[in-house]
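Both blocks below hold the same protein chain, though in two forms, and each is given as structure tokens: structure 1 and structure 2.
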Structure 1
């Protein structure tokens, strides 16, 4: 596979072999090994699972006349497909993600600006300076 050009939808997209191999090694019992053929087959199964879940979540999303597949759609999809057993851990991941997002949002709001310890005048002159530097870089690029 010597594809260096990536343009448009990729039909032969799969999961990275090395990553999956590592995961398989972590998941397999100590006394059983995984044949190479089996690993490739497992990768195919994983990709198939993604398609299945994505398709189901997409249908649920469309029924709610939403355009973006949200976390809730994935959770409903798992239930619909009979993977209820996965729900508790998946919901934990969702909560962690939401918490992380809140922290990020707080960072943005309280802002590097207010916390930077510089006065408005200093910030203004810094802004003008940065603008001038950027202009200069642009000019030299043009040449």
Structure 2
């Protein structure tokens, strides 16, 4: 894939160094340090892996005449690239993500009622009052 296909020069594409360093520190034993050039090499490898996986998922998506890459396309790409060993963990992460999204969506919907500071009965009463006022304005305009 050329730089133009990726959207610009490779130097523009990277992962946050502090985040990668934090991940490395969490994975490594306390008595082992990781050099900055090793961290940078890991970042380059991760970016290249993401490009490879995204490219394969995009091809699968295009074959299915879809316009959006879905999680299933990424899973199929992992299989096609021979990364089957990662699939169980990927499936768990995907399921966790879906669960978190459902909770987030539910909280967003229920939050409106709870954040209003009024009871459901008060809100219903106000809605009925506003509806009656709108009907009255409509009747007045019709005369």
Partner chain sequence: MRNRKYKTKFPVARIKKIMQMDEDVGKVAQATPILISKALELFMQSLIDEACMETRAKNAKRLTAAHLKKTILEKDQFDFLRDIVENVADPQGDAGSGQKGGSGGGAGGGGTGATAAADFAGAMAAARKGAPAKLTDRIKGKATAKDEDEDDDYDNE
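Predicted, not measured: the structure shown is a model, and the values here were computed from it. Numbering follows the first chain given and starts at 1. Rigid core: the largest C-alpha set superposing within 1.5 Å between the two forms.
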(Q) I need to confirm something. Of structure 1 and structure 2, which is the form predicted on its own? (A) 2
Q. Honestly, after the rigid core fit, is residue 58 moving at least 2 Å at Cα between the two structures?
A. no
Q. By the 2 angstroms cut-off, has the C-alpha of residue 87 moved between the two structures once the rigid core is superposed?
A. no
Q.
When the rigid core is used for the superposition, does residue 30 move between the two structures (threshold: C-alpha shift of 2 Å or more)?
A. yes
Q.
Relative to the superposed core, report the C-alpha shift of residue 131 between the two structures in angstrom.
A. 15.6
